[in-house]
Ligand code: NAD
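The chain below stands alone, shown as structure tokens; this is the form predicted on its own.
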């Protein structure tokens, strides 16, 4: 397939008319992904637990991209019923963007078995169940893209996010093996993880507030300190994250699978 670039025109990602299921998409990074995909002509089914925010986002996408179909499905994607409802609403899942709110920060000494199981259910098993429900159909049709929104903590663990560190690392290990199965990779089905660093989202601000409570500093002071430690000297934006997600879902990204793509403004100091 030849790529043709015309001066003054955007690159066509080759996914117009596809259907995407985007989880936890009423705000933040999930919303950024849904908006970016819709901007490429992808029809989207968006899910979230909060009905009001979800409908507001759906209406925003419809207004911005009137040629795209937008279906909003309220429900908890971490539950079997939530997954069934979301999958049933999508005519076919060509693109799956797995996302769910992370578990709360804290000290591992305070977490009981139920806290661990809840984190694993939401951030490891729920994505795996959605992948299980969709990848064989993708392979049969000869096209599929799965993007799992995990966390930069998979590469550089954050001490107060132990539940997230553990559950998301489990998903990362599972994906590393599944993405390399020839029956999927040879059928133009790719599975990648998108790792956000510090983005300006409600989740990050909640995490910083929890950290601030332990130090006596204000949350804003801690956010400013964190921002100063990022080479880009700022937090990321949801639209930037969505643009990378859209590229991973593109026709051009067909040879990219089983990878962990870190978006953190250069904060991670490692070579690998």
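Residue numbers count along the first chain shown, from 1. Please read all numbers here as calculations on a predicted model, not as lab measurements.
Below: the form predicted in complex with nicotinamide-adenine-dinucleotide (NAD), not depicted.
Note on the interface: of 23-31, 217-225, 242-250, 64-72, the segment with non-hydrogen atoms within 4.5 angstroms of nicotinamide-adenine-dinucleotide (NAD) in the predicted complex is 23-31. Proximity of residue 159 to nicotinamide-adenine-dinucleotide (NAD) in the predicted complex falls outside the 4.5 Å heavy atom cutoff. nicotinamide-adenine-dinucleotide (NAD) is not shown here, but in the predicted complex it comes within 4.5 Å of a heavy atom of residue 76. When nicotinamide-adenine-dinucleotide (NAD) is considered in the predicted complex, residue 193 lies well away from it, no heavy atom lying within 4.5 Å.
Using a 4.5 Å cutoff between non-hydrogen atoms, residue 172 does not count as a contact of nicotinamide-adenine-dinucleotide (NAD) in the predicted complex. Using a 4.5 Å heavy atom cutoff, 49, 102 and 198 all lie near nicotinamide-adenine-dinucleotide (NAD) in the predicted complex.
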